[in-house]
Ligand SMILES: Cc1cc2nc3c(=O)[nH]c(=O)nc-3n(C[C@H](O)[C@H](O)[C@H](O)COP(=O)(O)O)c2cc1C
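Below you'll find only one chain, the form predicted on its own, shown as structure tokens.
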């Protein structure tokens, strides 16, 4: 292993790690921020995720590499069969049934503004099941970026966001595989 920071964040990396967070039976893409030996999330207060974090004090970071799931969870709810409920530290939590790996975090709100919650995450359980190496795919990365912009675009119709989405659409078409192209078609349906 490397430095103190490497072991503190493990299995996440320093910076922002894109995962699908589950809170109860709700799933949504979320960035886990790892900096200065702290693991955090910034969550919009109007989101289901924020409400459920405040209610439960737990969140599961699901590590996956499926672009379709990132798009689906950004814009819609999953079927209950796609989630697995289990108990950790005397608390029921859910994970994605298809997750490569997952980390259960106890969450503590460190700052609350009108727009966001800044949530401290402390690991309670880490399950690493992925047995294959997954190289970086620019198409997957662009799907994630386009989805982030798309969730904001559907509410604002901001032309600057549309321009960013279009940039990532071009990258997905050039760099993505079959799953990324399917995710792209779904994304374009969701954002209209």
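Positions refer to the first chain, counted from 1. Since the model is a prediction, treat every value here as computed from it, not as a measurement.
Although not depicted, the form predicted together with the ligand is the subject of the following passage.
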>> Between the ligand and 39, 123 and 125, in the predicted complex, does every residue show a non-hydrogen atom at 4.5 Å or closer?
In response: no
> If you check in the predicted complex, is residue 26 within 4.5 Å of the ligand, heavy atoms only?
Replying inline: yes
>> If we define contact as a non-hydrogen atom of the residue within 4.5 angstroms of the partner, is residue 164 a contact of the ligand in the predicted complex?
In response: no
> So in the predicted complex, does residue 74 come within 4.5 Å of the ligand, heavy atom to heavy atom?
Replying inline: yes
>> Given that the ligand is not shown alongside this chain, does residue 65 nevertheless sit within 4.5 Å of it in the predicted complex, heavy atom to heavy atom?
In response: no
>> Just to be sure I understand the contacts: of 30, 140, 53, 34, which is the one whose heavy atoms reach within 4.5 angstroms of the ligand in the predicted complex?
In response: 30
> From first to last in sequence, which residues of 47-76 have any non-hydrogen atom within 4.5 angstroms of the ligand in the predicted complex?
Replying inline: 47, 48, 49, 70, 74
